[in-house]
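Only one chain comes next, encoded as structure tokens, the form predicted alone.
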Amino acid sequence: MIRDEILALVLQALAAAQAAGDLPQFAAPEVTVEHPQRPEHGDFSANLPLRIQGLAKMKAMEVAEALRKHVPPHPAVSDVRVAPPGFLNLYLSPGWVAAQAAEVAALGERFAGSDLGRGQRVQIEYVSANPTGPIHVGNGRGAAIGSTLANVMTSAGFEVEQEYYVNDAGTQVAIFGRTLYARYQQLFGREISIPENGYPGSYVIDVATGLKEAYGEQFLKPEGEEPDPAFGRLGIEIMVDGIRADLALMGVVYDEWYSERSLQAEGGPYNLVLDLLRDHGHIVEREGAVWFASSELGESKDNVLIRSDGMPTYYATDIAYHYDKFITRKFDRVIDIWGADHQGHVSRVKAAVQAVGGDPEHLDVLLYQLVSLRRGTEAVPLSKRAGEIVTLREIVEEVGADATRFFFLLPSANQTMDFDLELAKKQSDENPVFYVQYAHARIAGVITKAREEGFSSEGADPALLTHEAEHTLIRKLLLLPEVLETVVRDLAPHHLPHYAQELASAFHVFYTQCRVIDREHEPLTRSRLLLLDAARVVLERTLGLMGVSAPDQM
């Protein structure tokens, strides 16, 4: 990308200035270039002179001038200037900028691809909600973040595997099974109450009804007897199928659905990990329970692995699960995407990864904040009545998958978000996803109309693109590789919808100021159609990485 080439020029200038004696020899700090906020300050700016003036024992402006003299020529750069209090500003050549429209259009869907990941194997695990209830709104935010991050990292050359960790074992699953069996018995006329800590939602009745229709009385035991464990497992399978279908509604499809129960199966990693921790002196037993001596690894306290009743904690199975990720399946990097309520679990998991032989530096945990719903100024309760929540399916069916994904991605993960259902449905520029999609549809419409009138971009001369709005749009197109690199580096997919809005805005300004189809100026028409080809490529690619459609008509 051009930013990297500009950075290389600044580094070369520093080396050349030191070699020529214009600057003394010293080890420079990391060099970066930024985009100035004001166009008169150039396309790229380096604050290196300000940062090394002390090392050089010179004024920043003098350092900047010494660097300016040694910036090597580059076809993309037309000018290099020094600006107070000590910036080195570089200006892109108008001819080079115009030529990029043809480059972007020619690359098509390959534009902004990279080998940043170099085939590194990455596992991204996200949502992983307990299959004891349907997917709710908060889970949907994790789904949008996780699947978009997977798309971007794949485009950047990572080998990505997306995984859902199915919590099909443990206390909550057992409670769900007992609740389900109570509902099942009720369908046969028994006066049975659900457990006091059970799941009161009507969805449990729906699952019980489905099991009755499929199996009749097969699972009905004499009153007072415990249900067949297979009955609860069938209920969980039905719930998982529902979760899979709900997530698919917003375009989320996993490579792997990993069963927690498999961790404790014969040959699974659970017992192996316990033995490993014991062998390394990380296990202590007290108060009738088994503890992980995590305080010896920097944690503030030890953590229970097996309760006094013999039941493993969630933490115990999580250690086994991460052992399987790092040691058995040998992922180079693991990214867990959790709700903010798991914040206290992050350091514990990293300590466990270290204890079982993994590298905690290769585990990234991305936490996302809560979601609230509203319709305009009116808040929408997330719980409609006892046991009933607003599900992800309801949101997708009301506002559509595109708006659902786009809105979930807009705030950074560390910000709480208000999801305005009314705004998400608006067919106006107020709605950010409509605004961006309309830009793509308008581009497609102009290209179609031009084709019908006998125009195309074939043989276009990009040098004819000289209007300020044209160059602003091209510059915005060229930012996509930088945006994608930022998404990968910071695990921050919220940069994509914001970039999409900026790109759509640049297009709308261009469309207002520059007539595209003009029979009196056919060469310019072809050139502007070429620019539209490039803009369409980048908008479609940006929307596609977010899992949002790029419609040709609206």
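In case it trips you up, residue 1 is the first one in the sequence shown, and so on. Since we're looking at a predicted model, the values are computed, not measured.
Same protein, other form: the form predicted together with the RNA, not shown, and the subject of what follows.
Remark: of stretches 363 to 371, 246 to 254, 206 to 214, 106 to 114, the one touching the RNA in the model of the complex is 363 to 371 (heavy atom within 4.5 Å).
Listed residues Tyr270, Tyr438, Phe455, Phe219 were compared with the RNA in the model of the complex; Tyr438 is the one with a heavy atom within 4.5 Å. Note on contacts: among Gln415, Ser93, Ser295, Ser202, the single residue with a heavy atom within 4.5 Å of the RNA in the model of the complex is Gln415. Although the partner is absent from this view, Ala351 stays clear of the RNA in the model of the complex, with no non-hydrogen atom inside 4.5 angstroms. Residue contact check for Glu522: none of its heavy atoms lie within 4.5 Å of the RNA in the model of the complex.
Although the partner is absent from this view, Gly189 stays clear of the RNA in the model of the complex, with no non-hydrogen atom inside 4.5 angstroms.
Residue contact with the RNA in the model of the complex: Ala463 places no heavy atom within 4.5 Å of it. Taking the RNA as positioned in the model of the complex, the residues of 65 to 104 that bring a heavy atom within 4.5 Å of it are, in sequence order, Ala83, Pro84, Pro85, Phe87, Asn89.
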